[in-house]
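Same protein, same chain, two forms; see structure 1 and structure 2 below, as structure tokens.
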Structure 1
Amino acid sequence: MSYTPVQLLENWILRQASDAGQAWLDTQREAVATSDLKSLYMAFGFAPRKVGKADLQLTERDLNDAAEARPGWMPHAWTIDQAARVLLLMSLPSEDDAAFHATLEKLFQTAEIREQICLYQALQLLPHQELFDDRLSEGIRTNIKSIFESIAHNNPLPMELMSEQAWNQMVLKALFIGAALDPIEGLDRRVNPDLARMLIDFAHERRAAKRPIPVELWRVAAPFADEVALEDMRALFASGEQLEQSAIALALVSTACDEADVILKTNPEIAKRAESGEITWREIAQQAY
């Protein structure tokens, strides 16, 4: 049987919250359901004091239920106060989309760090998601890496809502600030020539500054690699560190073009490991950060 996101959140909180915390949350949700904004603002702030800040203890099955209830929802890093705050937001009447949007914007504009993380992760479960595409673009301008990652990582909304321009900025900025690319949902699906060109330019900037080039870059640049990019990859495949060579091999395998095959043949051993699936982007990301 399948559950709704509200049912799942309620169950997860019920497992971990104290009786007092649970009772507090129930009362606040009732108040918020009457469009009492002061209650929403105060309860949203007070949630960690009332229900605690522990990580949600989720099983494989919980995560599968989540993905079934909302495709792309990956709550494995959520905390109990985050779940409680999302339930408060989901209790807010939403028939009037402009009013709903305005209230959420007020919360975004006045949020502290963990509240912002919560809000950006919450949007995927809330009504009127399509009204928040500008908010996502605004969010990725942050200087705070954990907030950036609450949008970019384990969140289906950028893939679903962002314009190509905003999407490309998000991917480039992830590389720029040292956030992994692998947890970006839809990363391979939304590759595009503009993004590949931006990434190759970025790789050249890094090389000129004698700074390392993030290895995940090649995953996104390779599908549209031109001669310049192929030349870069040929050079790194010949003389880069092992992690770079693995990443280049995996990137080249995915392009399936003749020039890529020629480069791969220069190191058949790594090429074979990439072709057989022995090397994965997930592992490369884990080693890189």
Structure 2
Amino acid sequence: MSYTPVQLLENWILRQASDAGQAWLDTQREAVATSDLKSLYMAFGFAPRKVGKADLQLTERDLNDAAEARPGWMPHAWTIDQAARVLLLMSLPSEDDAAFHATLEKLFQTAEIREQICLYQALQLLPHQELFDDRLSEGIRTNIKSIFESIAHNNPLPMELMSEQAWNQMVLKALFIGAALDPIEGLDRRVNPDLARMLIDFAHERRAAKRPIPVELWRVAAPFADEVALEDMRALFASGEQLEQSAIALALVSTACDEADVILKTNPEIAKRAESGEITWREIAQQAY
């Protein structure tokens, strides 16, 4: 049986919220459904006090249901107040796309950090997502890592809505601020020559300055590796730390370049682990950050 995102959120909250919290949320959703914006703004702010801030206790089946209800939706790190806030937003009438967009923008402009994180994660479940592409591009300019990650990580909207320029800026910024690349949905699908070129230049400059290179960089750069990149990868594969060698091996395995095979043969043990799937990008990201 398939569920809608609203049904899933309602079920998850029902399992954890107190009777008083549940009753409060039901009342607020009814008010918001009548376009009562004052109730929306107040309830959005009060949600943590009324339903709590606990992490949602989701099972593997819950996560599978979420992915089926909305491809790319991964609420494993959501909290109960976040779920309640999203339900409030989903109760808002949306027939008038301009009014809906204006209401959300007002919330964005007055939101504190937890509220902004909630709003950016909520967009993937809300209507008129195409109206928020500029909001996403603006959001990745933030200096607050948790807000940046609410856009870049476990969120299918950047993959679906961002221009190539905005996408490339997001990936570059992730590397600059120490945010992992692996949780970026569509990372391999949206690899492009311009992004790879920027990363290859960045890596070459870092190596020349004897500065560390983010190991996940090679995942995005390798598909378009040129002579400079291959030389850098060859040198680091021979003398780098084990995590760096593993990342380069995994990146080289994914390319169809003859030179990549030549480099991999210089360390057959790591190459074999990369080819067999023993090394994964998820594990590399977990060890790198």
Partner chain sequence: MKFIDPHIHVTSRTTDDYEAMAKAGVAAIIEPAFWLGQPRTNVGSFQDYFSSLVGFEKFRAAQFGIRHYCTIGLNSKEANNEALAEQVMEIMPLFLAKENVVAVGEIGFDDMTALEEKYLRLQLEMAKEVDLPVLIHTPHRNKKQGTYRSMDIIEEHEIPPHLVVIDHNNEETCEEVLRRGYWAAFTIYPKTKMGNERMVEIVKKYGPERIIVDSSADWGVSDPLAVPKTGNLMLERGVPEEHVELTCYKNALAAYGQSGQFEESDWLNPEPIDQRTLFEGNSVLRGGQTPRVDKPEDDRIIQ
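Residues that one form lacks are left out of the comparison. Since we're looking at a predicted model, the values are computed, not measured. Here, residue number means position along structure 1's sequence, counting from 1. Only the largest set of C-alpha atoms that superpose within 1.5 Å between the two forms is called the rigid core.
Working note: structure 2 is the copy from the form predicted on its own; the remaining copy is not. In sequence order, 204-211 is the sole run of at least 3 residues present in both forms whose Cα atoms shift by 2 Å or more between structures 1 and 2 once the core is superposed.
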